[in-house]
Each structure stands twice: as structure tokens, then as C-alpha cells.
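First, one chain by itself in C-alpha cells, the form predicted on its own.
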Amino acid sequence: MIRSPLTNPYLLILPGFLLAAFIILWPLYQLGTISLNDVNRFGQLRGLNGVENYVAVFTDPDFLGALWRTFIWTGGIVVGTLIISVPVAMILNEDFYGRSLARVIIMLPWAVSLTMTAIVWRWALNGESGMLNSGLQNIGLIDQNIQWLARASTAFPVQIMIGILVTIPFTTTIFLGGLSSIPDDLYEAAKLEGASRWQTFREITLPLMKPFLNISIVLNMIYVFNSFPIIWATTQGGPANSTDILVTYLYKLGFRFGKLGEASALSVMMFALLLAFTILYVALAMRRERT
């Protein structure tokens, strides 16, 4: 039987692949070009300057601080989300009265704009009239107002907490899909063998959930690394740039200070860094699965 060229799977996905490549590679090419040029604040190229924009970014004291906070921000939210989402998904996967309503409630924050959520939290965290201070005072945990967003020691941890809360719905959805794919026969066999809940989780649930764990880690790492609204809507990187991460630092470079060449250089660096992390994690995960 002769196969028609139109049924070749590679040929069928070629248009979509070329479109995706154009969408990704063309802006990346433009960023690379701008990053190697002297650019005025209106985006006009004034000639090649080599790697001067990259050197300027590396030598900026604010860059290293933003880079370090980006690692803390990304790692804290991704790990915190995993720790909370796994038990939440397991509870929602159980058969109980009102499960459908509970699932809807868990997913509702995902339907709300992230910027709107951040603004609501900014009002709640207001140091003078915020609901959080009022609630904590009413139950006797504090006796005076706390300026949550005015100090780096409280602002950044609170922003990470908000990031975890808004990431839980998406991650829980992934885990629910994974849990629903595990055959019930395995749990029934484990129960007959006298396995405890912890043994069942460790020997059955966790191994079969690894592909979904890997997907959630990679996707959340990409989303959180580039997440802009929470920090910008609550503190705009303040006080004194103490809550800036790379994406807010990038915004300030490009649109506040008009340093488009340096902003483009930072964009290329962020893309390379995130790509390297993703490839490394996927390679390690695949190697663990093969062994």
C-alpha cells in the first residue's frame, strides 16, 4: 500500500511548526539585534556597540539583586505550590458529597485576572486600613498595624505567598488529571495487601504521578519566572528596588529609564537562562525515568 505524502505526520505538523518558529524566532532575532546596538529611547538604532549593553547590565548593582530574588521567587512559589497542590488534588479526587462544588471553588481564582487579584491583595495588605491588619488585631495576634508592603522583610515573602495562592488552581488541575488516570484496581490491591495510606502514596501514587509533576514544575517555572503583575501591582519593585525581580527590573530599564538596548540584552539573557533551566530539568527527569 502506497502512503500519500499528505498523510505523512511530519508534513501535517510542518505548517504549525513553521508558524510557532516564526512567532518565537523573529522577536528573538529582533531582540538580539537591538541588544548589540546603541539605541535611543525611541527605539532608533544608532550603530553597533558590541556587548556594551550586556556589560552594562552585568555591572549594574541592581541586576545581581534582582537575579537572586528571581531564583528565590521562582523556587519558593514552585515548591510551595507543589507541597500544597498535591494533598489538595488528592482530597478533591476522593468521592465525597459536594466534591463538584469544592472543585469549582478551588478553580475560581484561576478565572480571575492576575492583576485584579494582586490589586485586591494590595488593598488587603494596606498598612493603615487593610483587612489583614484588622483581622489579625480582632483575633489578638497583633496589637498594632504592620506595614506589610513598606518593608522588604515582609513585602517579598507576602508576594511569594500570593504567587503560591494564585498558582494552586492550575497545578491542582494538572494533578487531578493525573490522579484520574490511575486505575482504581491498584489501590484496591494495595488495600488488600494491608498497605497504609503513606505506603500507597509512596509506592503507587507518586511514581505514576511523576510525568504530571514534571509538567507542572516546567510550566510553573516558566510562568513564575516571567510573572510580572503581582510584584508590579503591589510594590512596583519597591521599597528601594528591594522586591524587584528580573522581569520588573527589565520593565524599568526599558520603559522608565529608556535603556532599550540594555533591556533587550536582559531579555536575551532571561530567555537563555530559562531555556537552559528547562532543558536541564527535562534531561534530568528523563534520565531518572530511564533508570
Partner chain sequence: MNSTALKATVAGVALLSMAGWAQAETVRVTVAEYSSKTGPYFEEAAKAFEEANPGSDIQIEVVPWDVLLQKLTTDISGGANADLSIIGTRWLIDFVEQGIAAPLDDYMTQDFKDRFFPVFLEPSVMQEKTYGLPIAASARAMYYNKALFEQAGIAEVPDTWDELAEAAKKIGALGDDIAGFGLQGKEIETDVYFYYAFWAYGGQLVEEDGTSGLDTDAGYKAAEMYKSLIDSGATQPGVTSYNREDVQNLFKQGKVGMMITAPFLSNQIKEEAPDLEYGVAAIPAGPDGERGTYGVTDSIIMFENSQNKDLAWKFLDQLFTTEWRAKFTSGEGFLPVNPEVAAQPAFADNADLKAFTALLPDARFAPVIAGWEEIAATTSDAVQTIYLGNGEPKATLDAAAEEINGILGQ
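Being a predicted model, the structure only gives us computed values, none of them experimental. Positions refer to the first chain, counted from 1.
Although not depicted, the form predicted in complex with its partner chain is the subject of the following passage.
Of the options Asn40, Gln30, Asn49, Asn226, which one has a non-hydrogen atom that comes within 4.5 Å of its partner chain in the model of the complex?
When its partner chain is considered in the model of the complex, the option within 4.5 Å is Asn40.
Looking at Thr173, Asn126, Thr117, Asn214 here, can you tell me which has any non-hydrogen atom within 4.5 angstroms of its partner chain in the model of the complex?
It is Asn126.
Non-hydrogen atom within 4.5 Å of its partner chain in the model of the complex for each of Phe22, Leu149 and Phe255
Answer is yes for this spot.
Going by heavy atoms within 4.5 Å, which of 218-226, 231-239, 30-38, 66-74 lines up against its partner chain in the model of the complex?
Every other range fails; the passing one is 231-239.
Report yes if any heavy atom of Arg122 sits within 4.5 Å of a heavy atom of its partner chain in the model of the complex; otherwise report no.
Arg122: yes, in contact with its partner chain in the model of the complex.
Residue-level question: is Tyr54 within 4.5 Å of its partner chain in the model of the complex, judged on heavy atoms?
Contact with its partner chain, no.
Would Thr59 show up as a contact with its partner chain in the model of the complex if we use heavy atoms at 4.5 Å?
Heavy-atom contact with its partner chain at 4.5 Å: absent for Thr59.
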